[in-house]
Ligand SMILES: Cc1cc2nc3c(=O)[nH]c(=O)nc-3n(C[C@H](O)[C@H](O)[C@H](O)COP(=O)(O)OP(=O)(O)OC[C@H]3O[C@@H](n4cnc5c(N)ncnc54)[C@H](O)[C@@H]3O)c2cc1C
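In the block that follows, a single chain appears as structure tokens, in the form predicted alone.
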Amino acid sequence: MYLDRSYSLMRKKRVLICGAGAAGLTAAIFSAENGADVTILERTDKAGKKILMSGGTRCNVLPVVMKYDDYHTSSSTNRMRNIFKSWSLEECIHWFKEDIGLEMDCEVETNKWFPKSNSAKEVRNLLVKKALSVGVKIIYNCALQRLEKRGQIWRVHSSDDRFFDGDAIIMATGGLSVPTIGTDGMGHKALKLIGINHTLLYAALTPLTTNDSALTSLSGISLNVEIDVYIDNKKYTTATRNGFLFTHRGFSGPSILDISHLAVTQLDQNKPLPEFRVNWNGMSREEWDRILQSEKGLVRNIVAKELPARLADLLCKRANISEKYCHELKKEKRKKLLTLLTQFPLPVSGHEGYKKAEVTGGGIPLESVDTSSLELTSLPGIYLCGEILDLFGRIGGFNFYWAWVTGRLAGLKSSISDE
């Protein structure tokens, strides 16, 4: 017994991390620095594939300013706040600059921090380098199959019949978004097999589609808009970002992506869609009315002074006033045009799904974990971080911040010895 006790005291705590993405790499670094023997099991042949493709390969590392309402969860918002309070945005920025060695530039106007090199690869490489420097081992092409509790030890079984034993497991497996990089929801499936259920999973921050060919013909046009969302004829929210992009299949840009989950969750459950009403440039109905009643010339030319010409043509065509002059507009025609300019009903028919989604909505409820450690309350020894949890943020570095915060917290707490 004495020898066993001495060995137990001398042996480092073994931490297995499933997933070498943003959250997994962060968890590994903090766990190893805190004294644990850390091994990452990564299902693909590279670490941080999602980091590499983020921000158009520039990697928007962090937002400049963060508010709690930049995030969406069906779990308790108080629990969300408690997790974020574990590591401030300023402390996270300092960590990247001083500990990881990443030089960053602040784009205040877009609320984004980017690497000075504009290289997502640099971000990934520095994180991997840091992990390796503190003793983390990374095993590639090792896909999680299932989890098993064996006495005081947790065992990870891989899909190629290997197994790995650890004193603690950190689940950083991500969700279902961007399946081309290897995400398949296996983390959620493995947890479900041992009794941990997740909320409805859905594609979040994904482009929306339309069957309106006239609108898809505007592909490539981008502009700043305002979008009001109505549910059951009542105003539910207003998009807080104004970038809007017409695509060959529908609509994208920050204003659409940030509210796309409202359409996705309804469509996926065969429920009525919300109404999306677009103000094409933020001008009020009254401002447009003054312009239309005071200007001279063809209406479509006047509208095209404020909006892209192709969009102006389409709106005027829909109002049946393509060749009308301003002074010829009858009251009813002007009212119809004003509605199309300021409350255009966006005809959404579907969405691009996980293949284009930035993140996965839904996941393991925050109520399932101890927010001071991210350890499952019903299964001690298993910690969760990143996208597997029921929370996602707007585009613009917000989801990376969640990954860094939760990765750090899970890494620190999982490495504390139980002895």
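All values derive from a computational prediction rather than experimental measurement. Throughout, we count residues from 1 along the sequence that is shown.
FYI, the form predicted together with this ligand isn't displayed, but the following is about it.
Checking 363-371, 376-384, 44-52, 30-38 against this ligand in the predicted bound form, the stretch whose residues place heavy atoms within 4.5 Å of it is 44-52. For the three residues Ala22, Cys59 and Ala357, a heavy atom within 4.5 Å of this ligand turns up in the predicted bound form in every case.
Proximity of Gly182 to this ligand in the predicted bound form falls within the 4.5 Å heavy atom cutoff. Though the partner is left out of this view, Ala403 does reach within 4.5 Å of this ligand in the predicted bound form, counting heavy atoms only.
Using a 4.5 Å cutoff between non-hydrogen atoms, Val303 does not count as a contact of this ligand in the predicted bound form. At a distance threshold of 4.5 angstroms between non-hydrogen atoms, Leu144 is in contact with this ligand in the predicted bound form.
This chain appears without its partner; in the predicted bound form, the one residue of Leu315, Leu262, Leu126, Val178 with a heavy atom within 4.5 Å of this ligand is Val178. Contact with this ligand in the predicted bound form, judged by any heavy atom within 4.5 Å, is made by just one of Val278, Met186, Leu267, Leu338: Met186.
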